[in-house]
Structures are given as structure tokens and as C-alpha cells.
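Form predicted on its own, single chain, as C-alpha cells, below.
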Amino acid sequence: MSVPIRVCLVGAGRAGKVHANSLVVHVPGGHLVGVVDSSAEALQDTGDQFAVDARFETLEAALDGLEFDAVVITTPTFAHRSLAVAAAEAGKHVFLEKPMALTIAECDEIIEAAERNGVLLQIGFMRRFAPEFVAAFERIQAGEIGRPMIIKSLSHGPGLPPPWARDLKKSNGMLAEVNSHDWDCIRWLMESNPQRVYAEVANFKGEARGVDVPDFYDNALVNVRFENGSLGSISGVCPCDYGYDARVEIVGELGIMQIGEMQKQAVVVCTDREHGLVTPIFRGWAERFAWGYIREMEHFIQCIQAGTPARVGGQDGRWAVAGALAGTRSFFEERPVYLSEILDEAWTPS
């Protein structure tokens, strides 16, 4: 029988609770032993909810005062590099939520720290573990729709991002915070790196909702050309208000494949002519990808136990960051941007 892996959660907010629930309820090989957060309220709330007594304001305090094997990091993006590197240097395996970091240089520091210390690094791209996406990947591999030619991916979130995520200097904006999953998903399903991107963005709702940070946008469209010649697009809207929406369409030489739907359940209700047909929708991301979150954490624990590499690692996170930065540079400079410009020049929004 495999030895349980002791996990310390770093970041006790919404995403932290999702991963805590996976560890406590669904993944018997993982044992949540500690929680870290600078917010006393979040620390108490999450600690109480999951019956974790070991609570710390900083990762450094947890490293000094608690025995554990791995960390799950769900803090704001600007803190990822320092936390992931510190954990790796302490010999702890690292599950790091997306986006991996703010810059390519930060991604490289994280990757190098994990490799240097011989610890596992897994990035939180839960779509790779969601049953419908896994099935779609396998059917593409089997040649069911022939060679993929075009892929279209969308992520629309219902509410405004938190204040820090509206600031491009702290988050790289919606193309990173919301659309990181799209950047990874299109690269994974097409089995090719993005080569060139062109992005257009717009701000329709920000002013009415009190957002006054520079360069804020709540809508984005990105066109992508891949190294293998195939084409793609990414659509981002946040806030969209109507619910959480994540879907993908792939056109192949032999047919078309659609992944995901807006409808939460196969239930339709009609009570009067005024409201028409009514069906449940997904209210948030945790609900939409519930099984993806469970299975990615299960994978993380199993990889540690078996000593095998993660299915989605640092290079995958690095490519998603590069895509978001290329899209950002594209709308800043109003031109197509090659990924090589981002990877070679270490460009960041300033």
C-alpha cells in the first residue's frame, strides 16, 4: 500500500478550497496537514471547514513548524515564483495553479528549482483531466476526425476578477487569468506549439463597474497559427454575467468535434409562454470542472507515490504564459506577434 502524501495548502481562497476538498473527500492517498494564508479570516475559514489545525501566515513558518511532503499553491500569480521556488528548495513537491508565473524568466526559475531538487512539478490545467476532454483527446489520437485543421476555445467567466487580477502588472490580465486553460488546451489538443498570435481586446463593462486600472479589458479575441500550420482562436469574456462557459470546437479533415456545453443537466422545464424553456447552467468554474479538479489532484498524489513525472508540467505552464504574453504584446502594439519574440526577448507589459 502506498504511503499517504502529506500536503500543505498555500492559499486558502476559493481555488484552495476546491483542492482541499479533493484531498479530504476524494483522494485517499493525499493527507491535508496544513494551511497557509496571510488572511486570518481565510485561514480560519478553510482550516475549520476541512478540520486542519496546523495554520500558518507564511510558507516559511509552515516549513519551520510542520512536516509535509508537498505543497498546493493557489495564491495570486505574482506570488507563484517565490513560493514555488522556496518549496522546491525545501524538497517539497509542487502543485502550482495556473497561470504558472508572470514572466518566462520566472517560469524558468521554477522549472530549474524543481529539477535541481528532484521534486515533482505539476501545473493546474484541470481540463487535461476532465473526462470529456480526455475522451476527446483520445478520439483525436485515434483519427476519428482526421487531421485537426482549426480549433476554437472559449472561457467566459461570470464575475469581475479580483482587484489584483485586473492589473496587468500583477496578473497579465484576462488572457492569463481566465484564458490560461485555453492556451494550454489548444496546444495540447492540436499537438503543436503556437507560432504566431494576433489579439484584439475591448472594455465594455469596466467603467460601469468601477474598474479604473490602466489597460483593463473584459473581452478578448485571439487568432493563432500553430507551428504545424493549423489554425486556432481563443475567446475570453469576464464578466459575461450569464454563467461559467467553457467549450471547444475542432474541425478536422474528416469531421468536427465539440467538447462541452452550456447546459449543466439534461433537464428542461417549461412553465409558461413568457419564460419559455429553462435549463440549468453552470454557475462557476469549480462546478463546471468538478471531476477535472479531483482527477488532477489524484494524478499529482499518484505521481509522487510512483516517482513518475506529471502529465502536465513546467514546460506546459511556460507555453501558456508565453501565449498570454504574446497576446498582450499583440494588442499593445496592434500587430501579429511571434512566440519567438516572447521566448527570446523576455517581453513583459510595462
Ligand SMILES: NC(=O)c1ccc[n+]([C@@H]2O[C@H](COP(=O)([O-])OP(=O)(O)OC[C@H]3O[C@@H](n4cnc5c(N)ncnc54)[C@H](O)[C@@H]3O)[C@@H](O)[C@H]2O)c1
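A residue's number is simply how far along the shown sequence it sits, counting from 1. What you see is a predicted model; the values in this text were computed from it and never measured.
Not pictured, yet referred to below: the form predicted in complex with the named molecule.
- In the model of the complex, the named molecule sits beyond 4.5 Å of every heavy atom of Gln44.
- Heavy atoms of Asp69 never reach within 4.5 Å of the named molecule in the model of the complex, leaving it off the interface.
- Taking the partner from elsewhere, Met126 is found to have a heavy atom lying within 4.5 Å of the named molecule in the model of the complex.
- Residue contact check for Ala15: one or more of its heavy atoms lie within 4.5 Å of the named molecule in the model of the complex.
- Only one of Glu97, Asp184, Asp218, Glu106 comes within 4.5 Å of the named molecule in the model of the complex through a heavy atom, and that residue is Glu97.
- The partner is absent here, but in the model of the complex a heavy atom of Ser38, alone among Thr308, Ser38, Gln315, Gln49, sits within 4.5 Å of the named molecule.
- With the partner left out here, the named molecule still marks one of 72-80, 112-120, 233-241, 86-94 in the model of the complex; by a 4.5 Å heavy atom cut-off that stretch is 72-80.
- The partner is not shown here, but in the model of the complex the stretch 145-182 reaches within 4.5 angstroms of the named molecule through a heavy atom at Pro162, Trp164, Glu177, His181.
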